[in-house]
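Look below for two forms of one protein chain, each set out as structure tokens: first structure 1, then structure 2.
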Structure 1
């Protein structure tokens, strides 16, 4: 026999869960109450379109915050749609019943196509009041009704409804705050005008209705002496109401963008680039992003490893640091996204992972990359400044898999043998010599030291350009970044980078047979450091160069791994010699006249090997010995 039963809920336990588990910060209650008040004003404005008898004036709708420090009460009032007795019972007496949601459903049932931008969706935001209050009183009067009603609850599973005394339409929510001020456990004093102003500015600055509060301020006496004056009470509007991103692009000045960016990023400089657009269609949202002019000091700290745009829904701040709207490698971008259709979880503190979030991230990423590409094309000097500050993050995007269409590779700049200005890969490929099959590069610490590398001599003779990879991240980048535009990237200090002609190979082999005794003697002397010694046809001026196997760890990667305290087995490489250089010719004479065991021969071999290491930027195995030998030779 199958028995069907309904779920039972312990109302007080459920209310406690809503109050204490959904929200991470006490201050959230004020955001929720202001959002509810904003919805009430929006509902009244919308109903007034079809009911002129309501007599609503657009500029009279407002939200008011009142504080009484003596009685420790905080009241949030509005002059919006208000609630009847039944609506109070249904909306506030049923947990997770949203009046906003019901209102929208009713509009839909009536065939309405336009709807106000309402925030509440889950019907639990109101109960966040009990995080800070042990008693909540709601006074409400429905627009067009003659009576008011009072709803009261201590958040323990029960509430009362009785006749109220409110003389005008709207709703007032009065919180009887718990008996504590700011302390270590509760760091915020919600009877402080300074605290309340900060919370409104943080979460509700762009709510469409004025949020007003009476505050105390010092006014100097007109014509009086310095220090003369009095403390007066005056009503202030706490929110700015009109967010910058809702205005047309051509209405916003550069100064306004600069001021808003400083407010967002706490940066004293104006932004380098502004990206402002509105997406329309099945998913609508507005984005206003900024590219900073310089790198912040904490860009690579563990706390700043994710993107952190501000997420708004219908002008209310939902997340101050939303990590899901841009990939981590675009974390330099600052700005806001206002997505009125984005579904949120009930606490609003965490986004539901869904296709809409991924769609927004994909579009934002594309727009940022397009903006950077346009800057690269139209203002190379400005882009070069961007690359100096944030190029490593673009390379991080390539490494992390964000370069499927090579849009990031096209943004990369690399120092080059072609000239003083860094080049793009697109420009490099356009300059490639006929028959050149690879993009050549050389990795090291800095361009100045690489420019003296003996490995460049052969490429200079052939007239082929070489890129310099001098960022520490470049070595790791190369693990993923193997080709561009169908051309492989190849290091010039590896086997196979130099292709000998038949005549060059025959001449080299003949010389090696002639000087086999000297080459073998050098090989034995350096047996702990190199795996072979041979002649080279790639060297024109330098006496020697060290060449790695094509798939081996390069010397620069070795240095980086050791600097990171990683264990690296020493890589034995091939020592290539220039047979026409005077240093080799002297070695050949010393070997022939004194033998390979003579100190003079051994010293010159050590100097030759040390010179090759220094030329590529590597450290010496015995720097003290090398210095003594060099001094001896010079003397």
Structure 2
């Protein structure tokens, strides 16, 4: 009986997108099918470890490519794990990948088109068959099952499932190729052995199982004259089957790394960085890790909050997504660890407690950090790209306590008053002036708005550099690193960030006595918002600034906590006024001439306070009133 089913809505959407976006890269369908076949062999080999009844012989696992030029069909078969009827419907009719919905929604917002890089990064898998085929037939028989099933689809919303004829374990995917040469965009003939061999070499050479194809070969007659001979058909193994990580480091080309990485990470681009080493000694293993060049879109989804590397034991894939080889904050890294000393049948939950695995994790973490430190030192532009994509995770590492020896804080980049380029803390410290008390920072939304902060005036005068903490997590990070290289990190909008000399203090206090009446009147008018009003010795240009207590929650943190729906008491701060500014002089006159209850005086006090809030990037308590007063003043 033939059963007809419809694809999950997302499959249909993705199919359209895949065909539309990847038609210029159509050859990747073969990589995807070979990759699936290889996974199926891996899975069977792993299952056979605990189930000898499956009767799997190590060297029988293989992938076969067959071509029929007359019917224009191409078949990729494997004798791996196979799929049951339910698995066929589930795996080839729905998309299990996390973030699919979000991905499609995002694309819709962009007008429904995806760059090959974006869609490639999403991982197109089996569905890429429909770029080159107008009909796909999958015949599969699950290992250990007695019946086979056939899945057929034209990629137009429906597929059918019926009993199949496959006599042995495994899966065959048959593509009915679209007419060849229909347009110039599709120059490749996928029924040509030469073409197929080239594609396999390019993308799948390292696959651990033989990829075989029957080819025609000209064989000269033994002992015959030149030109004498015949065309014979022979089975050829197209790939070298040498897993990349087992090869000598300097023998592997950048292209080979790129292809292997793409296969691992479902990425379209080459990796940003490759880390390959063999650990020797008491615990032996090989690690081949890659740092991606771009941020995968699900980096911060709850499903992918763990690191994931492939774990091999003597070249047998044990876990496709081992979470224990790297800490969660290094989850951007993709790659393989082959640890021959681990037991072959090691279970996922046992791994966590395994002392060897912990040791590997420690070492890998160190190596990744070293390699990033090296990139930072040798290739700043490339590192800046890394930081934009994955800096958040390094900060997550600092926050989660992974920052021994401050090796992670050394990797952090911060915008600074020193120039347009972000700086490291090491560079900052090297530029510190003699006698500079602290590593100064100012926290807020973005560099551009912080650059206008009145608090910077004093530091510009002193010639001391200030870092901008513009990432919401930066201030939380301070819980973990209160100091760097023995120097405390301190906010500049705090009481203690500005130290007055004795003479400055005396002069200020004398001036305050002189203007006591005005200062007190302002204080009374702003009693709900500020805790004191006094003169400032830190301001040169601005009329006013708000200063927090040394250990109080700063205005940025207050904003962030509100945004995260946390209750925070409004923090009352000190309003410091610039006695030389015309605005203060005007206030003093209004107070004297009209009295502190006059609208003239009160309106100007509200404007003064409002502009101090705006200057630091805070919002106004009464924006409507502020706007009206400003309009009145301007008119």
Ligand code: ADP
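Positions refer to the first chain, counted from 1. Take the two forms, find the largest set of C-alpha atoms that superpose within 1.5 Å, and that set is the rigid core. The shown structure was predicted, so the numbers you read here are calculated from the model rather than taken from an experiment.
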Just one question: which structure is the form predicted alone? 1
Compare the position of the CA of residue 55 between structures 1 and 2 after a rigid core fit and state whether the shift reaches 2 Å. yes
Cα of residue 155 displaced 2 Å or more between structures 1 and 2, core superposed? yes
Degrees only, no decimals: how far does the smaller rigid part twist against the larger one between structures 1 and 2? 77
Quick one: CA shift at residue 212 between structures 1 and 2, core fit, Å? 7.8
